[in-house]
Every structure is written in C-alpha cells, then in structure tokens.
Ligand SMILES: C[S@@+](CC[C@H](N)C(=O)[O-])C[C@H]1O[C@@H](n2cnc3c(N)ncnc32)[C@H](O)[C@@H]1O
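Next comes just one chain, in structure tokens: the form predicted alone.
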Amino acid sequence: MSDNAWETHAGWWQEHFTDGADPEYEEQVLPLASEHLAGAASVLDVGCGEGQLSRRIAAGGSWVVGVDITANQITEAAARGGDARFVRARGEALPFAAGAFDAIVICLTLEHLAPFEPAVHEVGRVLAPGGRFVLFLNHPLLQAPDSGWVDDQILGEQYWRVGPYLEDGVSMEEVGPGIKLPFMHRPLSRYINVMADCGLLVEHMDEPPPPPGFLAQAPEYSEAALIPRLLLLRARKH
C-alpha cells in the first residue's frame, strides 16, 4: 500500500479505531502498552497514527514522541492535544540521535512494512542501552493467512485452522467498505532474529485472548475465544 493510500484512508482510521471506537485498543492494546512502558522517562512511538497510544503513555508521566509517515495522521495527532509531541518521519530513517530513548513501541505497524528490517535496525540504534522495546503484532502463527475457525458438519469436528505459516506472504484484507490493506505475514522467527541482530533480546511475551468488547462486536469469533489475535513482545537492548 502506497503512502498516498495511507493518506487517503487516514480519516477512516481516525473514526473507527481511535478515541474509544475500537474495543481491542481500549480493552487490550492501550492497557498492555501502559503496563509494559510504565516508568520509562522517554518513549518513542513508531507508526503512531493519530497518536492515541502516544497520548496514553504521556498521560502516565513519560516524555513521548510519536512518529508516522502519514501527514494527515500527524496533523490530527497534534490537533487532538495531549502531552506527546509528533514528528513526520519514516520508521527506517528516524531523525534522532543514537540512544535517545529509554523505550520504544511499535504497535501493529511492522505487518505493513516491506521490508521491515530497516525499522527494527533503527529501533536498535535510537534505543538506549538497557532500554525496552515493546512490539505488538497480529499473531504471526495463529493469524497466518487463511487461518480461521472451522465447523466441519460432516466430520462433526470444530477446530482452528492454521494457514501456511512458514512462508512469507501478503494478503489484502478488507477492513472497511471499499478499504483494503495489505498484511505482510512472516514467521515469528523472522522478527526475533532481526531483533537479536540488533541486540534486542526478548524478555517477556503476552498472547492475550480476545477482549470481551471485541467478542461482543464479533460473535462469529466466540467459538475461537481462546485463540489469541495479538502477540506482544518486550525486549531489552543489550
């Protein structure tokens, strides 16, 4: 998806996924970010969108900078106020000095970057030694392309089908009427190994179940309520 397309659909994101509109953010992503970034003096939010995560972290007392390539998102982020600062920049070319931040978060963004490796290398560069890197991903295994709940009426079996996990792939998903976004699937090892190359070693992982608000809006997922949609990795720079 081109930068122009992200600009075009910025308003859709701002309406449907921010300021309480999306239960997965409100009930799961934002609380987890607050938990795992608590106490950080300075935080960089890469791929900040209109800034809801940046504002949440700043409200906890951290000095926060959010960066995004989309001008419409950065403009809206600044307009919505809060204590965070916002800069238009690419994740693979962060305009900050080495070791500038105590913590960095990338939330549901690397799935849209190809290649994603340069952004992770930049995280390793601008994160201070001993700093935290918090990464949110659509679960690479359980949300691989063509994965989903199967109710086999013939065999009388119900199960979660896992799609082709080991190969890289791109799927276009319709996230709204007339709005299709690309999701780049990679095995989890791709992320872990690039992080390790940058001295970012995983110290904690979360695989939370879908939150109640999501299940209320998506009753078709209720049978798979024990299949996580989200994966959180917290790494430390060594």
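These numbers were taken from a predicted model, which means no experiment stands behind them. Note that residue numbering begins at 1 and tracks the sequence as displayed.
Another form, the form predicted together with the ligand, is not on view; read the next lines as being about it.
Of the residues given (Cys48, Ile57, Leu44, Leu200), Cys48 alone sits with a heavy atom within 4.5 Å of the ligand in the model of the complex. None of Arg125, Arg85, His139, Arg90 but one reaches within 4.5 angstroms of the ligand in the model of the complex through a heavy atom, and that residue is Arg90. For a residue to qualify, one of its non-hydrogen atoms must sit within 4.5 Å of the ligand in the model of the complex; all three of Tyr25, Thr70 and Leu108 qualify. Although the partner is absent here, Trp13 is a contact residue: one of its heavy atoms lies within 4.5 angstroms of the ligand in the model of the complex. In the model of the complex, the ligand sits within 4.5 Å of a heavy atom of His112. Remark: Val64 does not count among the residues lining the ligand in the model of the complex, judged by a heavy atom distance of 4.5 Å or less. Stretch-level contact analysis of 77 to 85, 125 to 133, 149 to 157, 90 to 98 against the ligand in the model of the complex, using heavy atoms and a 4.5 Å limit, identifies 90 to 98.
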